[in-house]
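Shown here is one chain on its own, the form predicted alone, set out as C-alpha cells.
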Amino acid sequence: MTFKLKRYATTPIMAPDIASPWENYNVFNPSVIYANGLFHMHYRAQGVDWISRIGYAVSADGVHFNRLRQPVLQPEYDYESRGVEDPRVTGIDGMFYMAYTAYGPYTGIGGIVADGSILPMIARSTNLIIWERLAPIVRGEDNKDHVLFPRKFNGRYLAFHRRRPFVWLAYSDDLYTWPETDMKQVFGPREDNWWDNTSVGGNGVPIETEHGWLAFYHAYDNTGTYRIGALLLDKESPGKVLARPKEPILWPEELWEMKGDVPRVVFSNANILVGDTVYVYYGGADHVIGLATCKLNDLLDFVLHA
C-alpha cells in the first residue's frame, strides 16, 4: 500500500523577497497555525547577512499569504546570535507557544547557559506577533526539532524533541523545567536500506484523532535526501507507537526541491487540519516554501493499514 501527499502546485507558494535585506536569499521551514478563520505562518528567512530570522505572514485561503515587512523574532541575545530557526507554533489554552532553535556560540546571557551552539527554545505570545522567550528544553547538546503537543497530559505540557538520531518525549509543569526523569525515547532510524535509516526528527504539531495522535516526521538516508513520513501514537500514552508505515508520504521531485541551498530536501514544520483536509507546508531545498495536502481519513487509512 502506497500513499503520497498531493502538491498544491508544481511551483512554490512562497519565495524569497529580493527587495528585503533579511529575506532575500531563502524563506523556508514554515510553521502554520489555523486560528480565528485565518492561516498564520511563521517562517525561517535568511538575507544578506545569512542570519536566520522568523517572519510572519497571514492568509485567508492557506495559499496566498501577505507578509509583514519586518521579522517577528530575530536574534537579541548571544545564545541566538547566529540565528533563530525552524519555528513550530502550538495553541494551548488560549496562548500561543513557539518552539524554535536558537543558534549561537557559548554564552551565559539572560540566565541561560549553553554548552554548545544549539538550544531548543520555547517562546509564548497572545497575538502571534510579539513573543516572550521562556527557556530551552535541554542545554548543552545537539537537540532541536522540538514541538509542543496541543493539549496537556495530566496537567503537564508535552513536547517532542530530537536527540540525534532519535525522537524523544519530554514533560514539563511550567515550560521552564523539563526533568530528565520524565523524558523517553520514542522512535528512531530503521534498517540500512530504508528511507529513514540515518536520522529522524519531528515535524509539526501532532493531530489528535479517534485512533490516536497522527504525527509527521522527517528523515534522511545515507544519501542526505530528506523525506516526510507519518506515524500513529497512543492517545493517552504518546510514547507508544501504534503504527508506522514503511514508505514516506512526500519526497523531493520538483526542481526547487532537488536544487537549492541544501539539495534534495522536503522539510516540514507544519501539518494542520482544517475541516477534513491536512495542509502540509514545507521547505524545498532550504530555499522556498511548498504546500501539499490530503484528506485526513485517507492518510489515517494508509497509516493504519500500510
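One-based numbering along the sequence shown. No experiment lies behind these values; they were computed from the predicted model shown.
Quick note: we don't show the form predicted together with ligand BMA, though the next part is all about it.
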| item | value |
| --- | --- |
| 4.5 Å heavy atom contact, residue 26 to ligand BMA in the predicted complex | no |
| Residue 267: touches ligand BMA in the predicted complex, heavy atom cutoff 4.5 angstroms | yes |
| Contact flag, residue 262 vs ligand BMA in the predicted complex, heavy atom cut 4.5 Å | yes |
| Ligand BMA contact in the predicted complex: residue 79, any heavy atom under 4.5 Å | no |
| Joint contact, 7, 227 and 302 to ligand BMA in the predicted complex, by non-hydrogen atom at 4.5 Å | no |
| Within 4.5 Å of ligand BMA in the predicted complex: residues from 143-157 (heavy atom criterion) | 144 |
